[in-house]
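This document opens with one chain alone, in structure tokens, the form predicted on its own.
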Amino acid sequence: MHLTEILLNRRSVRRYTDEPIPEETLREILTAGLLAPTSRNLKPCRFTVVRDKSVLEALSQAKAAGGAFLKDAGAAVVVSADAERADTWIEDCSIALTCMHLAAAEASLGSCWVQIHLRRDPEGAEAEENVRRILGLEDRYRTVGILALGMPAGSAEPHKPEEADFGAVRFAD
């Protein structure tokens, strides 16, 4: 598939079957994250793969809303970065999440980005702190998001090229 086809077919998938994720597919997705560009090539990102259902359940409750479907995912990749290593950790993690999201779409695997940074749980605690505690991450690791992965339970219509709003483009010649 060409990148434009991947972008058109990529959807955020929140419902998954029980079919396991092929090991090779998971490795391809992780490779996309590991090869993602980072500022000054510092590569501060760390990827925690979670398959254990009890840990997925705990992560699904790390924030107040928008992450409940994590408990049903076949796996999740928690994308964190060493904030002491790079001040661009938010951007670097975001690029890695995007690359993995697109790699999952290319492999016909369902995925959805779960925002963690700047989110809170129902009691007001920071979602990042919850993730850090659940996974035993050191304080210097900041988590931008979690990529839920699984075999999609259903399909969605692809985007259409006409959805690209060129009204948002300005040429500064």
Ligand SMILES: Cc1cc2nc3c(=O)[nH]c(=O)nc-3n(C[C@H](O)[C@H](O)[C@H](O)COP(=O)(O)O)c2cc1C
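Don't overthink the numbering: it's just position in the shown sequence, from 1. The shown structure was predicted, so the numbers you read here are calculated from the model rather than taken from an experiment.
The form predicted together with the ligand is left out here; the points below concern that form.
Classify residue 69 as contacting or not contacting the ligand in the model of the complex by the rule of any non-hydrogen atom within 4.5 angstroms, answering yes or no. Yes, residue 69 sits close enough to the ligand in the model of the complex that at least one of its heavy atoms falls within 4.5 Å.
Report yes if any heavy atom of residue 62 sits within 4.5 Å of a heavy atom of the ligand in the model of the complex; otherwise report no. No - in the model of the complex, heavy atoms of residue 62 and the ligand never come within 4.5 Å of each other.
Just checking whether residue 159 would be counted as a contact of the ligand in the model of the complex - the rule being heavy atoms within 4.5 angstroms. Residue 159 belongs to the contact set for the ligand.
In the model of the complex, does residue 113 have a heavy atom within 4.5 Å of the ligand? The answer is yes: residue 113 has a heavy atom within 4.5 Å of the ligand.
What stretch, of 113 to 121, 33 to 41, 52 to 60, 132 to 140, brings heavy atoms to within 4.5 Å of the ligand in the model of the complex? Within 4.5 Å of the partner lies stretch 113 to 121.
In the model of the complex, which residues of 1 to 33 put a heavy atom within 4.5 Å of the ligand? The stretch touches the partner through 10, 11, 12, 14.
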